[in-house]
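The form predicted on its own is given below as one chain in structure tokens.
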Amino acid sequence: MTTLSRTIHLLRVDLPDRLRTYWPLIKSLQTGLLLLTGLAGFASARCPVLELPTLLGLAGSLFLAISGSTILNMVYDRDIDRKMARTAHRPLPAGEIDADQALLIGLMLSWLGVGWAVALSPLYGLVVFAGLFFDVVVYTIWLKRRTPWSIVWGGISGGMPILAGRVLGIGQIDLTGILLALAVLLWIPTHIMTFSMRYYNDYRRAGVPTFPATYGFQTTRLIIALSSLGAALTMGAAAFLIGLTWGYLRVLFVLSAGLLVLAVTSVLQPSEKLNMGLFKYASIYMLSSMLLVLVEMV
């Protein structure tokens, strides 16, 4: 029996159990946040309620492409995941899922997501493909194990969903879309670097270069503060160009101020508790910013 036929057979048998087993491979919280940025990018150009069919196509294609790329990353990184206490329990390093089957599913989801995106709009499909390519090939396969600066390229891939949503909404790449993508790119170091400080020993054990290991904790905290400032300013500029009303802009200002206060305080009074607080708040900041755009444009 071929790998494809075995995979189809296993997915037919005990489907709910198989879904529960495979679900962690897509990192649902991360995928959900990236999907939300894509929806916000689309909403920045068109009312999502009035464009429901297109919105559903956007959501479906992005979900498949993001999930597929995440599974491909998990397949490639399963060897280093075995070395880290934080990730050793994942289905692939734990041996719960066959790597060949996961690879096939990742490729299928990626192909379906990009194909659906191209059918909706060639330019939109190109941006979706670019995000997948930067994430899997450039970030994970080429740079992640070589340099801590890989997160810049990972940040580019993270900014592609919101740019893709904007492109599908207006049919072209514009300044607002670039600013939205840049805001996500600048936000990602805050998200990743705080995490790499928390799990410093895990990353060292796995041989993955990080900013804390390469440049030290204090330099990393300073980079986080500067990156947070850039993310806040860029998100504010994009929100202004989108046309958010002053009420929503004020809320965004408060959210941005909170991010900057935590980032600067972590430089002046560093602590493990503050570091994890900044990590959690960064996610809340991005989630809230995207929801502000969605709610305003409905």
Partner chain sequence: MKKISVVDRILLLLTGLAAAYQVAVGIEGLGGLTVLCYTIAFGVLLIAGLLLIIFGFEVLESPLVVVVAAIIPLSLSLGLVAEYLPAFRTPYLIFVVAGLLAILITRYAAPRPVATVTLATVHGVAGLLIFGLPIILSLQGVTRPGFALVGVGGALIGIGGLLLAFLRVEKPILSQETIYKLLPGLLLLMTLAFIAGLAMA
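Residue numbers count along the first chain shown, from 1. If you're wondering where the values come from, they're calculated on a predicted model, not measured in any experiment.
Not on display, but discussed next: the form predicted in complex with its partner chain.
Enquirer: Go through 52-60, 37-45, 23-31, 269-277 and give me the stretch that gets within 4.5 Å of its partner chain in the predicted complex, heavy atoms only.
Expert: Heavy atoms within 4.5 Å of its partner chain in the predicted complex occur in 269-277.
Enquirer: Taking a heavy atom within 4.5 Å as contact, would all three of Gly258, Leu262 and Tyr281 count as contacting its partner chain in the predicted complex?
Expert: Every residue of the spot touches its partner chain in the predicted complex.
Enquirer: Although the partner isn't part of this model, could you tell me whether Gly247 comes within 4.5 Å of its partner chain in the predicted complex, counting any heavy atom of the residue?
Expert: Answer yes; at least one heavy atom of Gly247 falls within 4.5 Å of its partner chain in the predicted complex.
Enquirer: Contact between Leu229 and its partner chain in the predicted complex at 4.5 Å, heavy atoms?
Expert: Although its partner chain is absent here, Leu229 would stay clear of it in the predicted complex, with no heavy atoms inside 4.5 Å.
Enquirer: Under a 4.5 Å heavy atom criterion, is Ala237 part of the interface with its partner chain in the predicted complex?
Expert: No, no contact at 4.5 Å.
Enquirer: Would you please decide whether Val251 lies within 4.5 angstroms of its partner chain in the predicted complex, comparing each non-hydrogen atom pair?
Expert: Because a heavy atom of Val251 falls inside 4.5 Å of its partner chain in the predicted complex, the answer is yes.
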